[in-house]
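Given next are two forms of a protein chain, the same chain in both, each as structure tokens and marked structure 1 or structure 2.
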Structure 1
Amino acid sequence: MRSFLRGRQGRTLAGLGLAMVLVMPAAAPVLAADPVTLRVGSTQDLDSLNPYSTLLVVGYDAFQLTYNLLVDFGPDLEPVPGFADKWERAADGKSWSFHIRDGMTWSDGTPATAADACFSWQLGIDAINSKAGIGSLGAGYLDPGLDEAKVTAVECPDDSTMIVSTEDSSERVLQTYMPIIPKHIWGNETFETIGDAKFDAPLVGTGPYTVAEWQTGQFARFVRNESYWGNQAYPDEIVIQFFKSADPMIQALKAGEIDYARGGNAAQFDDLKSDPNIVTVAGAANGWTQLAFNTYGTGTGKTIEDGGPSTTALLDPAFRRALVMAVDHQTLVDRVLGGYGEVGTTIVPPVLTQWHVEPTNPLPYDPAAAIAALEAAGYPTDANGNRLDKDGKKIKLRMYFPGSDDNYPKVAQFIQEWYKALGIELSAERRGSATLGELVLPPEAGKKYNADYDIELWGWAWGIDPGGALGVFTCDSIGNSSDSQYCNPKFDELQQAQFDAATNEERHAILAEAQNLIYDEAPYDILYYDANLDAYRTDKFAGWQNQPTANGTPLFTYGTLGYTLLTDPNAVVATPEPSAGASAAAPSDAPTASATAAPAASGDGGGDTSSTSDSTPILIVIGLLIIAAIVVAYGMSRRRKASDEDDDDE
């Protein structure tokens, strides 16, 4: 397989060229350096470059590197300038005025204006207002953010102003994940067509990087956007390489073939801690891993003949609760996660401390109680101990999971054994992420879909507002983001009410009721809130910063801050003398290289000149340096070419 993870032999020549410039200012560099490439590993394969169609975390990073949000996220998730550089709320609290930064251009040189922002947000508004309020902008993950912020209209009276009207006075409008895409390229698309539009590399954006190349299952390559309005990041390119599993990714990190690894199991994570050039980060999870039970037909009037699970038992909350009691969640945390996580309970993760509640009526791990509950609910066993549904059919459940997490097969084995103790046979199959994303879709998503599964083992990651986590359980989410096909009008009322709450105290009470309703009805068995186990090397890049700073990870977080803060760990940075009374101590993660100012090229200055009688040795040295540079350059060029040819043969 051809690798685009290039080395940096050219850095040596750049240093030699710098030395020559210091000796002879008029000399040009001998050989330009290879691009400085940040190499990132992920076990998630990118599913789409279309920001409205991607289902995966890696897809979010891809579109956020290319496209700005109207308002971005700072180090601790505070609102910071993005496509807009400043904003203010109207006195009545029902509208916002956003100033679009002056002079900004798209990466193809076209001016980026408020018209692009209005076009992009209008796509979401149109989706929300369509089909009696059922948002359908692509996969349906982005437009709910505008709905939750109660956005009703956008207006752009000039190139620098965007006015957003809302129905409430919250600040959720500053937390939306709605990418600003170029109207001059996509202006003929509507909310109905943009989700199916083919976004091909290279893309045009206003972000710090743009997608230059994507090969499914191999890599996505991003190049620095030289028109970017913000901090010009140190890496010239970013390559996200896709691995089939975590083990080869971790081995590549150890070997220095990649600089960052997203995800790994506990044993791999612990092993990396002994490497002096690698830092491990266990980021707090703003999400979970769950078993999503297929409840298609619940609350919608559909029947199992219309699609959905293999047994009507999955439509019964009593049956689902018994399955929850059969699972030892603490064992999963201990033996699968190695302790890097928390037992799962309700649908708002504990990291959102302001909103999370534990269940009022917790379901303990109790296999005997689970069996008793099944019997009481009308699910007996036959003479062979096989559990039967109310139609007298043997219950054989089918579980699917993606290949993006090495922990999933381990979880599946535990679940199979625990369900077996109930007399329930469970098959478990791995599917590709994109395939699984389509497999769980019901007929509402299109005639080719039929929600043909029983249980989905997968996970979610959320934004900083709890509304998103609740959104996958609304009736409207069936056909796009729902993977349980659950529908309960009471829950929909709670979801709406928590957004309408006048105070945080009122909202907390409503969210508590909503969390308990889902827990009691059990369309999900939330197995655990798993930590994000990431690791990065410190010998190739410095400036790594977690987001949030207290408990996050540097990459795959919110926005693209972590990519733009990276620096050269070998850079010589001038250190000013500390002022009187000031501490000379630097932060623990600051560069430690000593500072040495480079001499400036001397000018004529009007003074006496040196005698030419001493110039011959200097010229000889310069000549030798030039010859050495050419020899080294030729040798490295040959090695680089040979390496590329070897890659072609793989």
Structure 2
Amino acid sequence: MRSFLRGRQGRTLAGLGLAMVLVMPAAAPVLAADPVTLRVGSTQDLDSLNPYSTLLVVGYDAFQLTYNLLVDFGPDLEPVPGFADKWERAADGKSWSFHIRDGMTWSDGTPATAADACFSWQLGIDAINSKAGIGSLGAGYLDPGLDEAKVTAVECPDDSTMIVSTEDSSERVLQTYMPIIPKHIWGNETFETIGDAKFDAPLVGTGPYTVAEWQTGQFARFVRNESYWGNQAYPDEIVIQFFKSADPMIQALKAGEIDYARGGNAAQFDDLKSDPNIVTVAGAANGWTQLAFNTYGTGTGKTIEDGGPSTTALLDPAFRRALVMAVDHQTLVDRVLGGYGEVGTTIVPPVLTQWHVEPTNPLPYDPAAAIAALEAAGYPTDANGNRLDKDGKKIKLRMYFPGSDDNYPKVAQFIQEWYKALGIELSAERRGSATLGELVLPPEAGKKYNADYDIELWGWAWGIDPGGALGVFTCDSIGNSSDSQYCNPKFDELQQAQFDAATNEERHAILAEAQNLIYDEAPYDILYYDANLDAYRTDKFAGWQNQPTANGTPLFTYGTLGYTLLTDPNAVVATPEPSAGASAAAPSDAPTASATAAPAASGDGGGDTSSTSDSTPILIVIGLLIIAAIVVAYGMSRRRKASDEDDDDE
């Protein structure tokens, strides 16, 4: 009995071993046939493939790969042909005629025409004209662009012409972010329903790639659109991989499992610089991180029962300016951001070089001056060194921040210390984004809201037009997007005037005035302009191009230019099998290194970064599983045998 059992185990082992030997080399030719895949890592988790519904940068890249914009963005964000290949402006400047490409088809073979473009833009126009108003198209991020461009109507007299009428003569119509989706698929949807429409992979588009597969929380895979009107790009496939945190993504980049990574922190970014195959890019983000002071009542004199700012001092620009002076913005950039980012000043980020101005009257870090300013403005300290407001009340500020950014609690700890130097106690608490979004709402948004906070630490990211950033300081925005509750008719005038400005020079002057006004009044303390820390490998793909050239990043920008410019770094060698590079090995290695079956012996050198395909671990796992299986089998047969013997014993 026992010997039989042993014999059986022996055979099983041998059998499995044989299977393994057969299996390992079998994997080799398959790998070689892999398509060229660009693997992009993102710490953002794709939320939706629906262009009208996504809220994330990664969602924008996903839909832009599939769908074209009417007019695309060039290397320096200048307008370049997209769905329309040329356009002209009518003499009065208030009407544009776009010519839609001839012979263009959707990826399913259906002709792509002006009717598709008109359908897509009309969704936005309908939303703006609806009762719910601007922001009612899906999540509400796309239709405001049409409004900023003052688009009033679109019309498509024939298949290759789209006429866009605008209220004014600005050129903002050329930077309108509105994807063109196929009417023959989505034609039954309206602006009210499209946001909830199921955009399931695979999708039909005219972009360079179309999404083929999306595994929520894991990856989205895009395949090259063979009927794309532009140049066929080098990668056959693009996979955007979602990571829950930056650390594994950075490791994957180092190991060559991905080719591009967005979202590492400064320490990881610095660490990557030592890798010769990796290039790091710190791109300027079109946004900032701010302290928003609750100035409820400014300009209106209103107060909130059981809510609003805890001290009247927050309504005083002099007080707020002192708080700005107490903060060492450079230290925040150095210590929290590791030097990647820029000291914050005005409300148009410097990445928009054409519009950003530095403040005329800067407020440099100077704790002594801040204290002097507070004393002068009528905020003395009591015997214990606590700062008092004009009602003689001790000033104790409450700050809230969302849990969405690891840097916020760090920033908060610095601010606490710096305010403490002024004699002001600052409490800081983390809140969920949704909770915080509600917490800062005033009664204007509904009876149950009371804006019961003093400072909100959060950030904004903006579109390509500087006008957007001004929107959160208008009187109208109180009750929806305003988190400072700031209201100043003078500013509202400027905000309107910059949209109506006839020329760019005029607009620049107005924007400069608006930026200085907010800086001087300080409803916000803009702490820093964030940086996007991206990194990419150069061993599998060449042709990485920053967009904009001066301070952008290759991917996750505006449009999909970066994806289409990629080339084969070994193009000169012209290997017959381009897919060799698809293994994670460095090019200097034998292309088939990953596929070599030779198990343990060659696998021992697994310390370097190209060890991804080392087969030793697999063997270990399989070995463990086999051992486990044997133990189970052995144990069970022993049990059976044991019970047999038991009978004998009794």
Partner chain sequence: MTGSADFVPTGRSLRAERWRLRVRGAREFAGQFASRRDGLIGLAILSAFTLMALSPDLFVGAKETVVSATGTRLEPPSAAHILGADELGRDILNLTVHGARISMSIGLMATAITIVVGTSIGVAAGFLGSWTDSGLMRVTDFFLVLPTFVLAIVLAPVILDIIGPEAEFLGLRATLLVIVVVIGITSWATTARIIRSQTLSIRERMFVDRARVIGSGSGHIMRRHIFPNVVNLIVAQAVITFAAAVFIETSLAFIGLGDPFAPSWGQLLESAQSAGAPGLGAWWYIAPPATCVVLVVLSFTLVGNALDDILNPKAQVRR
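Quick caveat: nothing in here was measured; it's all calculated off a predicted structure. Residue indices: 1-based, along structure 1. So that the term is clear: the rigid core is the largest set of C-alpha atoms that superpose within 1.5 Å between two forms.
Here the chain coming from the form predicted together with its partner chain is structure 2, while structure 1 comes from the other form. If you fit the larger rigid part between the two structures on its C-alpha atoms, the smaller part is left turned by 26 degrees. Its Cα shifted by 2.3 Å between the two structures, Gln498 is reported here after superposition on the rigid core. For Asp389, the CA shift between the two structures after superposing the rigid core equals 14.3 Å. Core-based alignment between the two structures gives a C-alpha movement of 5.1 Å at Ala509.
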